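Shown next as structure tokens: one chain only, the form predicted alone.
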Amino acid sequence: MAAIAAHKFAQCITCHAWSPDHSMVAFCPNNNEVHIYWLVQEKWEKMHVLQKHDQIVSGIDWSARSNRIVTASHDRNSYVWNLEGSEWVPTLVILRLNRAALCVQWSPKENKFAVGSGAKTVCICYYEQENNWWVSKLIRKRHDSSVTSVAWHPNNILLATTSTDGKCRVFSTFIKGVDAKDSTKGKSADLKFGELVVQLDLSLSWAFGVKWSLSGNTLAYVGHNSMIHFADDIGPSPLAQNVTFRDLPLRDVLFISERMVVGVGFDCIPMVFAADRRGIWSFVRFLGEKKTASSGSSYGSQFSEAFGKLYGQSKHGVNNDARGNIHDNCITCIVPLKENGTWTRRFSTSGLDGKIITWDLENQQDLSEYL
């Protein structure tokens, strides 16, 4: 088993984030609060409850350098929380949204964060020292529907988004006075704020989670049609690949290495995808599975299995526990567990079953060639 720890915190978790030293975890139990738990002698104890939002908190991110928490909510607001003494103090962010905020993420340098919304816009937020508040610049008129996920490129300038219009887009977020022009960033430093770098039309359905590889050379995102999409050489003519699988759709994705990706979603168990030496991506296996799905089964029987899992039933003699599922419901979030800002082979998942589970791929011998 690749899972190393599991704990049920609530009936349902919409999103979660870890403190820099992984001793605390913040999550939303599907309401307008953020709960922060602290690990004390191998037991999780509730330390803080952040109460400022009026509706469901849909996004949380905990900065590794500055130890600040940013939250986004369906109430169209976002707050930056600073720990002052023993209390978390919120600072309102001016988003100027007329629809729900759906996702949020700090930039790598933590001088900006991005908020995706149901208003078909993305807010790029930054701190104004003169006025002592957080303001935002909006990327407008590009998305045709809600922005479901955002992901920062390692260069702190490019931002990838997914939307329920089925598309993945990459924008420039260069803000004069906030970002410094750097020749090492290449052409991205010369792009204007909000300029569209590329639009990927690989998905024929809603698009959800999106992530960059550690180097920023590859982009991966998932859709609601049981496909995962990869793109290299982001620019006017990117190289794209689609991987189709016969299981339920994914909701989020994470790069473990340049050649390995873990996807999570409605199958309640992480799925591993990897690229061979030629750069061709394919599905490898499930994590924590007890046995591999039969390769000789027909499409009809696999469709029936997926249909049965969707309704919590076992059909055609298929055992829903055959893969050793640890999550009991859809996994909606996957978060890397970094150490001193460095990526590791550990990550955590949370979902609609109220569990947060940590995973370690260190001793997975059959996956070592991709790490």
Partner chain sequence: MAGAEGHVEADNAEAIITRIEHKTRKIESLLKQYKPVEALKTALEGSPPMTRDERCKSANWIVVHRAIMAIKDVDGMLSSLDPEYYDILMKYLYRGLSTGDRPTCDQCLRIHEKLTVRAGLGCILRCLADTVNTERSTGSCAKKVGSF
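Quick caveat: nothing in here was measured; it's all calculated off a predicted structure. Residue numbers count along the first chain shown, from 1.
Note that the form predicted in complex with the partner chain isn't included here; everything after this is about it.
Only one listed stretch (172-180, 202-210, 85-93, 120-128) carries heavy atoms within 4.5 Å of the partner chain in the predicted complex, and that stretch is 202-210. Taking non-hydrogen atoms only, residue 244 approaches the partner chain to within 4.5 angstroms in the predicted complex. Contact annotation: residue 224 falls within 4.5 Å of the partner chain in the predicted complex, judged by heavy atom distances. Taking the partner from elsewhere, residue 248 is found to have a heavy atom lying within 4.5 Å of the partner chain in the predicted complex.
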